[in-house]
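One chain comes next, on its own, written out as structure tokens in the form predicted alone.
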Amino acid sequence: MKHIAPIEAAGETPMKVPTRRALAKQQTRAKVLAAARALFSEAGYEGATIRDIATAAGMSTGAVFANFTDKSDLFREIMIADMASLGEAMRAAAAGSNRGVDEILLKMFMAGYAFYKTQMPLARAAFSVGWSPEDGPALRNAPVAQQLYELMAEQLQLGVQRGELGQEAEVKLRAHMLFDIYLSNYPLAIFEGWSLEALQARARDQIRVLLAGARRG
């Protein structure tokens, strides 16, 4: 009997099944990223070498370079994945609050600080790379990093719409300033060991002062 291929529904795109080679490549990348994350957390960016990462992943340095251009490329992918998760955590914190703009922004800040509190060495490495002249711009200007700023701008705009902030609130400028404030508190946690409670008290005051001139009435 002649085999008849199944007819696909109109407009439906056939699902592509990954090849064995593609699956193997995905697994290799996942192993390298997991090993790199652990080493960056333990030894920092400078202390972790490609050779160390390859050894921890149970493969050759050639296998690492077959998937990543260099160490900065590898670290950038880890940071971009983290920033995407961080953005999701901030958005969830904002969505779960029906309070004023101050409290919503504070919840977003704290979602970020809580995200990194358990992995301070990795946060230290992120700051080291993020402000380096060689690798910093690509990390700071990544679309996913800009989305964190946009989340803050979105909350300011909602504050204007609710009448909490005046129409002349200069949302873009204040959102950039808020993002700078958010980042400025990380060194206190990384290098001085500030607790989440201390960070929260400081961030609350910072947000209050920054929005003081934008309040309606």
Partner chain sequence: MTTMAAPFELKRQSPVVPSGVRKMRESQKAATRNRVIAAAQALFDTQGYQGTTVRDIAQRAGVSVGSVFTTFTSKGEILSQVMLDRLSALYAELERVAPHLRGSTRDRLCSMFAMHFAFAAPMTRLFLAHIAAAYDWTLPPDAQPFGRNPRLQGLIHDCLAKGAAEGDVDPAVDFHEVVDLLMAAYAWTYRHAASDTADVATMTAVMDRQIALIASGFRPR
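Numbering follows the first chain given and starts at 1. Computed from a prediction, not measured in an experiment: that's the story for all the values here.
There is another form of this protein, the form predicted in complex with its partner chain, and it is not shown here; the text below is about that form.
- The contact with its partner chain in the predicted complex, taken as any heavy atom within 4.5 Å, belongs to I181 out of L165, L151, L33, I181.
- Distance criterion of 4.5 Å from any heavy atom to its partner chain in the predicted complex singles out S128 from the list S85, S128, Q147, S72.
- The closest heavy atom approach of G96 to its partner chain in the predicted complex falls outside 4.5 Å.
- When its partner chain is considered in the predicted complex, R124 lines it closely, a heavy atom lying within 4.5 Å.
- Proximity of E170 to its partner chain in the predicted complex: non-hydrogen atoms within 4.5 Å are present.
- Though the partner is left out of this view, T118 does not reach within 4.5 Å of its partner chain in the predicted complex, counting heavy atoms only.
- Across the options 22-30, 57-65, 157-165, 44-52, residues that bring heavy atoms within 4.5 Å of its partner chain in the predicted complex belong to 44-52.
- Annotation for 156-178: interface residues with its partner chain in the predicted complex are E170, L173, R174, H176, M177 [heavy atom within 4.5 Å].
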